[in-house]
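In structure tokens, the next block holds one chain alone, the form predicted alone.
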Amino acid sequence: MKVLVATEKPFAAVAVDGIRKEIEDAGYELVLLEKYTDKADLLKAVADVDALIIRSDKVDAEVLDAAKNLKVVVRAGAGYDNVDLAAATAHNVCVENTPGQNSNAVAELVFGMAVMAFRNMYNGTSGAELKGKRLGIHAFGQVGRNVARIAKGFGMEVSALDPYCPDEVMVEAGVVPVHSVEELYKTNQVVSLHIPATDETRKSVGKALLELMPKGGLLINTARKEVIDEDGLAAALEARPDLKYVADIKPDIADALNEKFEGRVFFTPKKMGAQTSEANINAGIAAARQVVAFLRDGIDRFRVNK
């Protein structure tokens, strides 16, 4: 059987070596497609493969149509909105992610951006400390739990909202459960976003929620840009000169926000949450192991489509 690693943004070389070992030790063939710029290259490469490992690469109906032998796609990372799940199910292709492998890397970035924002983007003026501030975590999955752990080290008071997570899990982690999105934003000076982009969450965070935040409020987004109502964000920043927004996902209106709210907004040039060598290796090797488990034993523990 043949396994394709298709990565427009390649894995680190050491991660590729680890992936190769997992795949070849299982008796399968590994094929690499790295730094491709034309979708046609991907369509050609998937034609005869049984498994596909990707990062942020898009797998849509056209790709699935071209992949006649494809049985499983593993997205190395937690988010999987770059894969058309309905089309995959229609093609009888299992889709999996690798939850938790990038979570510490993303959580550390949250605090890198939080410190920068509280120190006024390092512009030389007097800023503030995180110690004693209230932090609200919007979704308490693997990343959110790592954010809570690190926040404790900063001496922050932590609460979280996640209707899919039992209160006792939060309490055990030293986190106060919150049961409405309005309460989360109203009671926390810092809110860290970790919700996925779904029909329910797209454009769900905008002016109404941001204006509930206490004076000096900071919203940190290491999730997805689609969950932000960008017009509402701009309106909130206009109405509340004390608010700040930082993200590792560049908004569609980034230029306008930077021009109008200089010193109060910051965006990384590309999504940086998982961009550490450790996360790169962890996610890649986890993806390879999941491919082997599926092809050899039919194990689909991390399946995300029905």
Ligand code: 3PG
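Numbers follow the displayed sequence, beginning with 1. In this text the structure is predicted, and so the values were computed from the model without any measurement.
Although it is not shown, the form predicted in complex with ligand 3PG is what the next lines describe.
Screening 49, 274, 246, 59 for any heavy atom within 4.5 Å of ligand 3PG in the predicted bound form leaves a single hit, 274. Only one of 79, 206, 177, 216 comes within 4.5 Å of ligand 3PG in the predicted bound form through a heavy atom, and that residue is 79. Heavy atoms within 4.5 Å of ligand 3PG in the predicted bound form are found in exactly one of 161-169, 126-134, 70-78, 207-215, that being 70-78.
Taken together, 119, 189 and 240 are entirely out of contact with ligand 3PG in the predicted bound form: none brings a heavy atom within 4.5 Å. Contact check for residue 9: a heavy atom falls within 4.5 Å of ligand 3PG in the predicted bound form. Not displayed here, ligand 3PG is approached by residue 224 to within 4.5 Å at the level of heavy atoms in the predicted bound form. Within 4.5 Å of any heavy atom of ligand 3PG in the predicted bound form lies no heavy atom of residue 146. Shown without its partner, the chain has 102 as the single residue in segment 91-107 with a non-hydrogen atom within 4.5 angstroms of ligand 3PG in the predicted bound form.
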